[in-house]
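Single chain ahead, by itself, as structure tokens, in the form predicted on its own.
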């Protein structure tokens, strides 16, 4: 055994760390000891390392996954953790424990596979400093002292003390390396704090868990399979800790994510907590937030969190770049952000710096060519963007989602029965397990409690939704598209389109008339009203597809346009067109300027009817004129079901049956 003289290669042990020790023995034949300590922030920054600080070696081999994981994402560290978190004065700062493996370092500075038992290093003294009386107690008869290759680990029961020789051992993070590097950047980068921490910040202690991979510290491995060198175990721990960190589901991401524009916009639509009511927001107690489903057509839900995210996403319609290094795509993305979220046609900005300026100055080189990927809205610009959403979208969107009659009825019932702030809302906010416990407790006191307090109101709300399109996600998306066109794209100022209140009145009228029932019939016609538009002619099931959403939107548009035209013509004392003439009117290209995309919505609906299933068994024997006549007859009947009734008996109104040429319309077949 090589004995290193005191005067040569003298050890440079750090100051002792104190904490608790334990052992994972969850695998047969394996004991993995660890030591948990609270480390002062400056010591953590100075004494703990990340993988990139391990001396480079051409001999080291890494798998592709390990290469990815050991790389530090400097942009994430600086933008997300330092700027967006540590430097945010409004944030409560908290880090989970950092996991460290003590790794032996050879004389050449390279990491070794094992602690070298062929060398002996004189153990450091206990106490470490004669002036430290507290450390003297570790020189105890019952202490288990392990000295191995530059590490000194002492335990007395669960209490433990750890030191290591910084010239022979590296304390390397296998989990939390970005947090650790962010603390170093926070303290030392001249762009942020100039190399110092404030006095109050220096009082921070970071929880650190050290993994001890030496038999004298309690490590055992009886399996003898795989790569159980220090590096091999470190890689396995590194991979497992990162791989098993499960990504949160979509609903929880929407609740928790402060960096997503969608999540932040969705949250402006909701009350901040369960059991809270507000006439200006959707009560969270009535929103489905417990899972990733977007459906809200059953049970007590007014809406679902995931569906609200889909609504916001479709409404904002941001053009995310497929290639974040493609300048044209990025500029289109920025243009879509400014178009949707700029207030009064101004760009989103941060401290007076426009988003487009930020991109050209920070993401492009001196020749104006991109040198850094630009894939999402930068965090600093989120506040400006969310304010844009609150001005441009939130008012009319909430009006539709809260004041449309079926939603209004649901809210009215909920408030009358105290479902939001009372027992019902509080019960639904519990976890499944807690709901089960509460149910048992309450039933033990009152056998009818669950039926009366929970099931009865749940069933009452469910019955309000029965076969109503208003509670189908696909219909609500189409309805919101109509609202967006009227109140955002045309600012609610187009004399033909009206404003969001006109849309709301129009929808309420359809609802009162029973037209918005899924099973609404079309009198004197063989198929139901919504067949060939949104339900399957064979089984009356709803078809969920983008094409179906487009047809629902088209029908709503045509009904709304027809209603508005009749009302405007009546108000102006002009002729009121018959149903067939209204169809021809909106089919005409010449009228697109006043009624946006009216030709397209007409054509899309026409194609929905123009199928063999519609024409029946003898479809191959029908002439094209006959088919066209059948479509127009049904189309006209459907249009009529969504139009207002005009009483012409007490006024000067008259229906126009004049020749089509006067209107420039095509002659009907």
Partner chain sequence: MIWLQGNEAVQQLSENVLLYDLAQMRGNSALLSRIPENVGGVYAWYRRFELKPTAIHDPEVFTASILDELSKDHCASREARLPPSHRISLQPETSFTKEGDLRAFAADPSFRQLLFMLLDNSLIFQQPLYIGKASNLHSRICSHLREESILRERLKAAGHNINRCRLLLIHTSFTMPTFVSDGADEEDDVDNQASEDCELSDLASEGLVEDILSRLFLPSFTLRYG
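Quick caveat, the model's predicted, so the values are computed rather than measured. Numbering follows the first chain given and starts at 1.
Not pictured, yet referred to below: the form predicted together with its partner chain.
Asks: If contact means a heavy atom within 4.5 Å, which one of 437 to 445, 333 to 341, 370 to 378, 526 to 534 is the stretch that engages its partner chain in the model of the complex?
Replies: Going through the listed ranges, the match is 333 to 341.
Asks: Do heavy atoms from each of 12, 115 and 123 fall within 4.5 Å of its partner chain in the model of the complex?
Replies: No: none of 12, 115 and 123 comes within 4.5 Å of its partner chain in the model of the complex.
Asks: Quick one: from 459, 545, 320, 593, grab the residue that has a heavy atom within 4.5 Å of its partner chain in the model of the complex.
Replies: Residue within 4.5 Å of the partner: 593.
Asks: Considering non-hydrogen atoms and a 4.5 Å limit, which listed residue (175, 309, 487, 549) is close to its partner chain in the model of the complex?
Replies: None of the others qualify; the residue that does is 487.
Asks: Is residue 494 close enough to touch its partner chain in the model of the complex, meaning at least one heavy atom pair within 4.5 Å?
Replies: Looking in the model of the complex, residue contacts with its partner chain include residue 494, since a heavy atom lies within 4.5 Å.
Asks: Is there a non-hydrogen atom of residue 589 within 4.5 angstroms of a non-hydrogen atom of its partner chain in the model of the complex?
Replies: Yes.
Asks: Residue 618 versus its partner chain, in the model of the complex: is there a non-hydrogen atom within 4.5 Å?
Replies: The answer is no: residue 618 has no heavy atom within 4.5 Å of its partner chain.
Asks: Can residue 345 be called a contact residue for its partner chain in the model of the complex at 4.5 Å between heavy atoms?
Replies: Contact with its partner chain, yes.
Asks: Using a 4.5 Å cut-off on heavy atoms, which residues of 138 to 155 contact its partner chain in the model of the complex?
Replies: The stretch 138 to 155, when checked against its partner chain in the model of the complex, contributes no residue at the 4.5 Å heavy-atom cut-off.
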